[in-house]
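Two forms, one chain: they're shown below as structure tokens, one block per form, named structure 1 and structure 2.
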Structure 1
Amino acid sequence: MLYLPDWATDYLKRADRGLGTPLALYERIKGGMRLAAVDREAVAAGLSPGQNLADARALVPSLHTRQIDRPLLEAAFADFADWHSNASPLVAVLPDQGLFGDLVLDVTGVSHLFGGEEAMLRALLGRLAGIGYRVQGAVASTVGAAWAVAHFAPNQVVAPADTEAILAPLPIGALRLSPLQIAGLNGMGLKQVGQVRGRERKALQARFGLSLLTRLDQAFGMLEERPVPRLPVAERYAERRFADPIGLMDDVLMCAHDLAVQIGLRLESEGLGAQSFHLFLYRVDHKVMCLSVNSARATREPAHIARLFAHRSERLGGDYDAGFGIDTIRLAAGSVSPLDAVQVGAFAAPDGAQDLDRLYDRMASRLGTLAVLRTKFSNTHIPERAVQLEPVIARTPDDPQAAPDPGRPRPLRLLPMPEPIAVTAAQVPDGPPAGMIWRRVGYQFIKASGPERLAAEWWRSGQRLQLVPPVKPDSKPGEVPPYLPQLPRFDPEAQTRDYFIAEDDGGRRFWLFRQGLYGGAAGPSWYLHGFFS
């Protein structure tokens, strides 16, 4: 657990060297301007968060002030947190304690790399202090205890057995409570954690709510608390650190290939393959870039993984910015599943499926996952819903019930959204039209067949169908047309469709439908939905 009390001001000072001290950030609360964060010098001058800005200016005439930009600070802190994943794979920010300032690192199984928990804490604190952040830290067996110790008795490692003893004398605020709860407890004379710990739980819950007990239990390890990691946590990764930072994408990709070889060997020895790979690039200026690629089937072949990253990096284009260089690269493998060794060579059958999956992986890594699609049928008779396009990479099992009925003629091309047409001389009540005007061109139909009636699905009455709304003749160009079927969400008559196949004098075959029935409240409207060959 790391606590950076002055992170906001320290960060701004680092980003903008010209910023003078003492510095205070203010925000508007209920019409008044109050201090939200103050730096060390301001605290020394007697300022504190929550103070009125005018009072603060009067107290310290040399005060530099700035309005707080929370989204900017939160984004910067997120980057800062990600950068810490070079120390531990699980790094989290505690959102209920404010989105900047507190940083949780899971050091389980990691600390020995730094020479023990004590040494790790010193190393982490030292490197932050070295670049100008005021930082306090603690290592403890629970998030709650670590938070308490980092805030109120910082810079120590708490052994699990000592947790009770060390927490007991800490002030009640160490339990991550709301100001109201703290004031209430103080008013009752309960000022230390140890005093609350011995109390009867029922009475505490009745007076201060369940959250007090939850926090108490979390601090003492009765209740498990799992911080949500900022980056995907991978069990298997390989990394390389550079004495001199590198910057070129080609170097990064070459390194990615080397790491893919390492991780491939490791997966092979375990008999596994992975489907998602993440490449973390740690920049020297405390930012992390993450490139992710996915594979349609589990793989561990280094050349393939490296090629996916090469394609992915081409999509990156101008977004790639190495800053002052990259000093650590980590390749993590996720979504692992068993993968048996495959014999390659003499007796390998040429299996096209694998080649295809490779092809789709490459395409998806360059064009994006949503650009490589397959057809999936779903069990409905509304044409645009009967076929869904799903990414090839994220294939879901087919529904055997959903296969289309070969007896029903369906067009070769379907417009994603049906387009409104004006028809001439349609036979009332349910005959085909004699002609239509579509995209300002008139068509005369020679032949037509139909109707094929498709009723609206009453069980999906909450969803309207997506249609291109017809433009009213008197609307101005550029005006957004109103959503035409201003109908109730479900109206069986108005949403019934009659489909026709109509062939014009040039031999073009269209699939069009009339939505609604003649004589209904809204009247029917005609749409073009597809083309036959």
Structure 2
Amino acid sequence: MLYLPDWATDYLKRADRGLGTPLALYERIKGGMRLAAVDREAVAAGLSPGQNLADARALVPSLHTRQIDRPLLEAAFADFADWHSNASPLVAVLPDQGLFGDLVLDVTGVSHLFGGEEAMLRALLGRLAGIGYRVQGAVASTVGAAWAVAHFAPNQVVAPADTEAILAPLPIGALRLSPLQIAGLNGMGLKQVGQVRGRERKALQARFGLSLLTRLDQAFGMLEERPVPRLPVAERYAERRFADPIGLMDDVLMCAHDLAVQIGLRLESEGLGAQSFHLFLYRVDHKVMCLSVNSARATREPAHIARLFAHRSERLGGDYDAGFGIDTIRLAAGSVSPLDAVQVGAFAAPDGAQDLDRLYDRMASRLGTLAVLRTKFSNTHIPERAVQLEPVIARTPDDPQAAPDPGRPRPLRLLPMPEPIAVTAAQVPDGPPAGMIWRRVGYQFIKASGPERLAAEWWRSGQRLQLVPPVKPDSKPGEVPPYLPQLPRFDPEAQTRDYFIAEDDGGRRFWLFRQGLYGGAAGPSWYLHGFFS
């Protein structure tokens, strides 16, 4: 656990060297200006968060003030958290007391790279202190215990057997409780964690709620707490650190190829392949860039992986910014699955499927995942719902029952939605029309066949036809589906359709249908749905 109590002011002073001290950040609360954060010099002058801005200026005339920008600070702290993934595979922001300030690192299986947990803690604290941040830290067996020690007894490693002894004398605020709960417990004379743990649990729950017992159990390891990692956790990765930072994309791609060779050898030794690869670029200004590519099939071929990242880099354009340089590059593999080695004979005749998948991968990495789609049959008899589009590199299994019936003729071209037509001299009650007017052009039919009757699907009430998956709110730029027609919602009350194949005097064959029957109140409606030639 790393705790940065002065993150807001330290970050702003690093970003703007012209800011003077003492520095205070204020915000409007209930119509008044209150201090939201203060630096160390302001604390030494007697200021604290929550004070009135006018009173603070009266106490410290030399006070420098600025309105707090919480979205900016939260985004900067998120980037700062991602940068720490070069020290731990699991890094999370703990939002209990705010969206910036508390950082959780899982050091399981990592501390030996630094010479032990104590050496790792000293290295992380020294690195942040050296660049101007005030930081406190702790290593413990639970997130709750690490948070408590980092805030109230910082800079120590707590062994699992010593957790109870170290947490017991800490103030009750070490349990991450609300101010109202802390005030209530203090009013009962319970001011230390050890005093609360010895009380009857049912009485505490009845008065302070289940959250008090939850925090207590999380701190002592009775209840597991799993932080949400900022970046995907990869068990298989290769990385390279540079003594002198690099900045050119060509150098990054050369390093990505070398790392692809390393991770490919590791996957081969384990008999595995991967379908997703993530390239993390750690900048010296504490930010991380992440490039991700996907493969249609599990692979471990270094040349193919490197080409995917080369195509992906072309989409960056002006968005690529190495800042003051990149000092660490990590390549991680995800979505692994068994991939056995294949021996190819001298006279083998490849079917081209592997080359086609590689082409899909290159096109998707260059153009975007949703720019390369395939048609997938749906289990329905409604023509406009018969197929859907999905990314070709994220194919889902085909439904055997959705395959079309070869005995039913279907047009080569299907309109996205049926278009109304006007017919002339239709043979009643069930015959085809003698001609039609479509888009203000008349057509005379010389022969026709049908009808083929299709009934409505009542269970699709109110659903809108989707040819491609809906766009997610967090979709990346360039991941917009290329085809999103505004089709009407499906009406299960619609009447049965009777489809006809009609050929005009010019040899053109149309697929049209009648909805409704003659003799009704409104009469039938005719629509054109596709073309055979």
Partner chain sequence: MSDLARQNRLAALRTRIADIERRPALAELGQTEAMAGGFPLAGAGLSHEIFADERRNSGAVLGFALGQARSLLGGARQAVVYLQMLAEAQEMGLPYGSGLQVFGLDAAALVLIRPANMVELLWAAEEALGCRAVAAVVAEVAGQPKILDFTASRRLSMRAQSGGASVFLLRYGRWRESSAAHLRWHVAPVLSAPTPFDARAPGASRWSARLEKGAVGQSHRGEWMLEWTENGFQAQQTAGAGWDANAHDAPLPDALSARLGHRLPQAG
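Along the sequence of structure 1, residues get numbers from 1 upward. It should be emphasised that the depicted structure is a prediction, and the values quoted were computed from it without experimental measurement. If you superpose the two forms and keep the largest set of C-alpha atoms that fall within 1.5 Å, you have the rigid core.
For this pair of chain forms, which number matches the form predicted in complex with the partner chain?
Answer is structure 1, the other one does not fit.
Compare the position of the CA of residue 504 between structure 1 and structure 2 after a rigid core fit and state whether the shift reaches 2 Å.
After core superposition, the C-alpha of residue 504 moves 2 Å or more between structure 1 and structure 2.
Classify residue 385 as shifted (yes) or not shifted (no) between structure 1 and structure 2, where shifted means its C-alpha moves by 2 Å or more with the rigid core superposed.
The answer is yes; the displacement is at least 2 Å.
Using a superposition on the rigid core, decide whether the Cα position of residue 437 changes by 2 angstroms or more between structure 1 and structure 2.
After core superposition, the displacement of the residue 437 C-alpha between structure 1 and structure 2 reaches the 2 Å mark, so yes.
Once both forms share the same rigid core frame, by what distance in Å has the CA of residue 446 shifted between structure 1 and structure 2?
Once the two forms are fitted on their core, the shift reads 10.0 Å.
If the rigid core is lined up, how many Å does the C-alpha atom of residue 404 shift between structure 1 and structure 2?
Superposing on the rigid core gives a C-alpha shift of 4.2 Å for residue 404.
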